[in-house]
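Presented as structure tokens, the chain that follows is alone, the form predicted alone.
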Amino acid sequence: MNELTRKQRFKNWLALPGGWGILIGTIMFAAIVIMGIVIPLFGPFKPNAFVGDPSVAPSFKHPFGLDQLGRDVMSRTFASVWIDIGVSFFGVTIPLIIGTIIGILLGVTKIKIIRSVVSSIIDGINAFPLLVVAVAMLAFFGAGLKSVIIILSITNWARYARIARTRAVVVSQQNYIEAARTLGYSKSRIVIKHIAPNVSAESVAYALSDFIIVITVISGLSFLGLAARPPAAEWGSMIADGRAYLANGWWMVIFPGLALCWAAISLSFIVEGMSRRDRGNS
């Protein structure tokens, strides 16, 4: 009976707007994450091992072929998951937390000077494209994945702060917030118990779409040689290394590019499904 109930609940959930998109995106994203764990750890070839002649075409033994140095492209493609998705996770989570906290505090504060100054900083940071700011700041921090995470934390928080600030202003004017003030609840309790949960839900929804942008930024910076450093396996750097051999070694570029597209498309399915569900419930 419970099993039938769970199946029926799943069917009902799937029938809601965006249900199939969320399901397909989740399966696709889970698949590449699992492959990123299983193949580098338990596969026959290590990502940085020289296992054959350079530029060998795809075969049964090496489904994605070998790169210009004789390394297995399949192992390196899925080993890149640890870097691209892992670094993107921190590059989204840290700004999400910082920006949401600042945005909530900015939305509820009554001090006009603080609100004006911080809002100007947020708007100023958001005025510049993320990739351009990242490249400029890497000249100061130096190339490397740690620098990328630091730069994303310094700059990308402003986007979450803007969302949280706008939402906090709207939520703070709701009737249940006025009722909480009338009941004598402290300001900290109102912010933590009532405002923050409603604001953070919207910020998390935006974080999923931002995940796609951050993955692309990290791959782009690695393509330029500013993020992942050799011999680390990373999609952008693999594409950059293989472009010189594109005419006779297309697999060096195509497979890392397909993995990058797969990750981005899977997240796009989830974001679009959640967006359709929100529109359907509104």
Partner chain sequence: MKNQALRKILGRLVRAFSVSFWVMFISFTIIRLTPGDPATARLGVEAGKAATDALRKQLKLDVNPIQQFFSYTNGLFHGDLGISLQTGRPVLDIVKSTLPVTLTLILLSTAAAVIISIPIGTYIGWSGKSSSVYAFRTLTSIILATPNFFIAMIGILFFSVRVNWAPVFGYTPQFPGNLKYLWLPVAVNTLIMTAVVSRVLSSSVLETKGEEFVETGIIRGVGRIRFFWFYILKPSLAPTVVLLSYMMGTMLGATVILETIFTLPGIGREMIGAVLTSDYPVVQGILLFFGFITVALSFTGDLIAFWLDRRVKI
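Numbering follows the first chain given and starts at 1. What you see is a predicted model; the values in this text were computed from it and never measured.
The same protein has a further form, the form predicted in complex with the partner chain, not shown here; the description that follows concerns it.
Looking at Ile265, you'd find a heavy atom of it within 4.5 angstroms of the partner chain in the predicted complex. When contacts are judged by a 4.5 Å heavy atom cut-off, Gly184 does not count as touching the partner chain in the predicted complex. For the chain shown alone, Val253 is a contact residue for the partner chain in the predicted complex, at least one non-hydrogen atom being within 4.5 angstroms. Taking the partner from elsewhere, Ile125 is found to have a heavy atom lying within 4.5 Å of the partner chain in the predicted complex.
When the partner chain is considered in the predicted complex, only one residue from Pro58, Pro44, Gly257, Gly70 comes within 4.5 Å through any heavy atom, namely Gly257. Screening Leu105, Ile192, Ile98, Ile121 for any heavy atom within 4.5 Å of the partner chain in the predicted complex leaves a single hit, Ile121. Annotated contact segment (heavy atom within 4.5 Å of the partner chain in the predicted complex): 236-244, selected among 236-244, 33-41, 62-70, 49-57. For the marked spot (Ile94, Ser200 and Ala205), a heavy atom within 4.5 Å of the partner chain in the predicted complex is absent from each of the three residues.
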